[in-house]
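Only one chain comes next, encoded as structure tokens, the form predicted alone.
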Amino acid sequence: MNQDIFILIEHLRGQVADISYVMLAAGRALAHAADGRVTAILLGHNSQALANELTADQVWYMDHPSLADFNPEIYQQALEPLLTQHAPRLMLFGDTSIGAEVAGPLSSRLGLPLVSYCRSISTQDGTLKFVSQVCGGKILFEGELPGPTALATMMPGVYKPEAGHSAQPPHITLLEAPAFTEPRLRLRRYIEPEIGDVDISKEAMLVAVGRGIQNEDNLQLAQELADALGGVVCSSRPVVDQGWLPASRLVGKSGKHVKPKLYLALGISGAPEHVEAIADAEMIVAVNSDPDAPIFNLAKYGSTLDLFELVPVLTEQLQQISSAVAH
């Protein structure tokens, strides 16, 4: 059985997405344990330079004007013959909007098994095992990856993006693009999200609030704690959807990916879309009254105390420490 690992490289506006490096790190561990090869597949137009830092045994690069911007139909047309002709043991996609829009249709069209929301994939006694999270991360499901070829969408967390970077450019093979049929979807324009008053992706201290904050008035508690820490308040999707904070403060798949020294999550359950965006935080501390909240799977420290009781006490202690240091 072919033991090679294919990885779709995600990129947007000239930058490789972190999830691509996460998948490369995972793929290298899997392929080398089974004496296979890691093949990174880069689709784009005038984008070959993006391959220079990819940790892969080889990069297959397909250049075509139709690949200048992501289009799920065009990506499917580009990948389908590669999967059919080469039949890798596994092809990894990011558990992202891009990955989901490509992996699902390919699975259906080619009749290949697809495992979504993979937290990890490992080799045990020559067999590939996966751990996938379902029900918003509250249930972890473990199983054997079907063969001979399977597709999987992978979440960040187990591997760090840095492990997927290479100091030496990999070997690059240019692929001829197929005759693409006209897609039904077309990119009209790219809308850049507003940065707003702060760029949370560059902040070292973040106090994040979720549905557990209950109402807009309670944001003041989080703001006082953030002020005591010298940080900034951000949030998960429900808070932004309510209009309590601007979209520039959104942490998640459709918001910002953050890498703070401290990420203090208050009343956040830990949905996959949110977890994906905080996996690179140096330290995650979670406060949630639900002991089964998925956020605790990622947090280094956690508490199930009522955040409305804990946060004022914590803020007061920090203020006293700051006052003592100042004097």
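Sequential numbering from 1, following the sequence displayed. The model shown is predicted, which means the values in this text are computed figures rather than measured ones.
Omitted from view is the form predicted in complex with a small molecule, to which the following refers.
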Exercise. With the partner removed from view, which of 250-258, 103-111, 71-79, 149-157 is the stretch that lies within 4.5 Å of the small molecule in the predicted complex, judged by heavy atom distances?
Worked result: 250-258
Exercise. Would residue 306 sit within 4.5 Å of the small molecule in the predicted complex, counting heavy atoms only?
Worked result: yes
Exercise. Is the gap between residue 28 and the small molecule in the predicted complex 4.5 Å or less for some heavy atom pair?
Worked result: no
Problem set entry | Distance check, residue 282 to the small molecule in the predicted complex, heavy atom within 4.5 Å | no
Exercise. Closest heavy atom of residue 170 to the small molecule in the predicted complex, within 4.5 Å or not?
Worked result: no
Problem set entry | in the predicted complex, the one of 273, 63, 57, 53 near the small molecule [non-hydrogen atom within 4.5 angstroms] | 273
